[in-house]
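One chain comes next, on its own, written out as structure tokens in the form predicted on its own.
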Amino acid sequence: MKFQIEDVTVYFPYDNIYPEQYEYMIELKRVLDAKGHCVLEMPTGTGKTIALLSLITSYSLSKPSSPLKLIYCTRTVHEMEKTLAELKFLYKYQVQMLGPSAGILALGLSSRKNLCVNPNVVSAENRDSVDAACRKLTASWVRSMAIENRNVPTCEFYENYEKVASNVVLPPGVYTLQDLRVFGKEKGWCPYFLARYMVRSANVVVYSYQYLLDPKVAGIISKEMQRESVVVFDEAHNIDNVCIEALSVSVRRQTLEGATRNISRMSQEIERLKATDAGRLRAEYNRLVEGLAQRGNLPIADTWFANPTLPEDILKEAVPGNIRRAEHFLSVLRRLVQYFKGRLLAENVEKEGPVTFVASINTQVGIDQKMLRFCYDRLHSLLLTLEITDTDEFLHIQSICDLATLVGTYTRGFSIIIEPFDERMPHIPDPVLQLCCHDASLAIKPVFERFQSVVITSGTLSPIDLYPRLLNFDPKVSRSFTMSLTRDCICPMVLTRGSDQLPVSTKYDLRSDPGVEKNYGKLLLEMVSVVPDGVVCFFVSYSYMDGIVNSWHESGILKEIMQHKLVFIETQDVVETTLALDNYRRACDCGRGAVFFSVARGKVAEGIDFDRHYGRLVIMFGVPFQYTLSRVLLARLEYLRETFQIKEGDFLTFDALRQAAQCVGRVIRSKADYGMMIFADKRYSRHDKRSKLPGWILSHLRDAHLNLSTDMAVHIAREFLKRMAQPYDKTGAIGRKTLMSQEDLKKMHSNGGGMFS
């Protein structure tokens, strides 16, 4: 269908649209017109992605003189592929309606691991190894040697791509990662470098958050993106954590041992160069004296990582004189590593700010702030001069230089925390020195400043007013949408006590109470006996899940549960968990039914959908608070209180409830779907906790369902499942319209734009 929103003709590839999708588009258009930023919360399963893509691409088509570029950021490769599949469907419809004038170029960009087609390279076990294997075949000096010596291996796909590099053209269309690999194989071109090159001219780019938020990657991939771009961060409920991780570094003993090996290897290479090609070291020294940056005009295959600080924080100064000579720089690195080794011997926890830390480094080993700030750039320059390709082996010294550059650049928003052991296992010495970023606004600030509009959107952004404070920006629109339904297909319940009327909770004083564990087990047992197909359970941590499953096993509850359904468990091993998920789905498909035990902050809670019969009930055992004795968390809470006036309790509750909402939201992925959500903890009955859940869950949470015992919850579940078994009208009865056709929209416009209730 196509319809007007003010002066924009929107091309929407379905015959009907949900009222909330239409409202979402109106708000989005307001933001684009105002060239501002926004925060929009839209329930899961209401077609948020297609609404975003339709409105922004249609908006761009309506302004052919200055079309907007869309940069769409997702968290996982799976989400990227889903977005590109939706875009493909939309693009087909737009071309059908408009012909060739609707032609756009849209592509996904991911790491070499996901795009490489050279079998010798892609077989390496992890991403860093694949990157290094690629550099061994594509670095400019390797290719120069190959011209003189035919036996030096190169990559045929990269060589073919380089021959046509400046004339490369991707025909209009939407390219998933698989499409790029197929196209690359057909042409004999490298899909990774082809995608990197085409990103500049593409109308729509879909890639991961890190490509914009991590300065090391953004400095290479995203620096040429034009200001006239709309940036969308989808599933952005954890965006503050992503920003913080991008600017945080941890150093352990293994890191320092690896860094020492790296320095010895560089030292040997320097000695070798002095003997064979001293001119190369002299040329590097002259370049640094002249203050010419090494980066900027590098061949695309030689660029590794950019500076770990933000672009505007790098002062345009020359590298300090005392680290221009390679030997002097290595001596500085040795002293720095020695200093860190000394700090890791601390017997008590130590915490200090960047200024004190830098002063301590200067006093003890004579390295000043300016030298620290240039460590990363100087290392990068040296590795290029030494023509080192196995970059995966140099990750240790890179971490040390990352930390040095960050601590030499920023004076606030960070803490250095040294812990001799993990407080959860004090008998095992495991010293770690962490540079922790506390201010999420640091990493995202350049994005807000550089691009015309930034859209932060997800199904769980409540309370919505906290995000602008955490990210320090002023949104033009901040709105939460509700879900229009023809039937009440969501049934949230708060369970506060077991059948024996004893309260249930994962608070520390009640957590390991045998009565609570037994009541949780009885709740699950009762539910699996009445709920068909799949049941998903989320626990607050891996250790709690292990403890409670052991307790259920010993008391025989687990055996009783398995008489009704098979049980599968998420582990910290990705391969094992993937296998468990596949088998869980097979058990649901064949009618045997299954239970999946998962962790609220694990992998499954974020990107895996349990739609339709894969998730008829989700139980959230407890409130998933972060580990509140974590020193890193305590330092961040202190910073938030002092800088943004966000109270510790408010932030912790907000963080726990967005996580809980994310978990329970996994079961409802469309309006035809239905599912129950049980919040099994007496704390959810308190208004201050409950009010932080998204509006679309709260609107279905009845007062009668706020203080349930196990037997009452079972009764409600039975009644709900009976109702859901009845046939229903998908378009909605009169007065409860949830699907609007083109005619409905026309009528609505002629009536002055009143929304359906």
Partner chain sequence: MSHNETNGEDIRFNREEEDDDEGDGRGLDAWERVYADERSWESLQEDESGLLRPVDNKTLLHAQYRRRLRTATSIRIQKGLIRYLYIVLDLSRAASEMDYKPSRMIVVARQVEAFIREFFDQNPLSQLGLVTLKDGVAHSLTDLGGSPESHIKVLMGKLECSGDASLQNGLDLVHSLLNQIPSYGHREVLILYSALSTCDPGDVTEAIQKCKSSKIRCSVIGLAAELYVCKCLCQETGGSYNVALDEPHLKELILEHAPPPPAIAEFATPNLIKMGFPQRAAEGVISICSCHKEAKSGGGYICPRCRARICELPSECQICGLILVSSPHLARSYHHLFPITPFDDVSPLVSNDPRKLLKNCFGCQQSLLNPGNYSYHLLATSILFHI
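Quick caveat: nothing in here was measured; it's all calculated off a predicted structure. Residue numbers count along the first chain shown, from 1.
Quick note: we don't show the form predicted together with the partner chain, though the next part is all about it.
At a distance threshold of 4.5 angstroms between non-hydrogen atoms, Ala704 is in contact with the partner chain in the predicted complex. Looking at Gln726, you'd find a heavy atom of it within 4.5 angstroms of the partner chain in the predicted complex. Contact check for His613: a non-hydrogen atom falls within 4.5 Å of the partner chain in the predicted complex. When contacts are judged by a 4.5 Å heavy atom cut-off, Cys590 counts as touching the partner chain in the predicted complex. Of the candidates Leu634, Ala672, Val182, Val152, Ala672 is the one whose heavy atoms come within 4.5 Å of the partner chain in the predicted complex; the others do not. Checked against the partner chain in the predicted complex, the candidates Ile50, Leu61, Val31, Leu721 yield a single residue with a heavy atom inside 4.5 Å, and that residue is Leu721. Heavy atoms within 4.5 Å of the partner chain in the predicted complex map, among the stretches 613-621, 651-659, 420-428, 637-645, onto 613-621 alone. Contact residues in stretch 76-105 (any heavy atom within 4.5 Å of the partner chain, taken in the predicted complex) are absent; none meets the cut-off.
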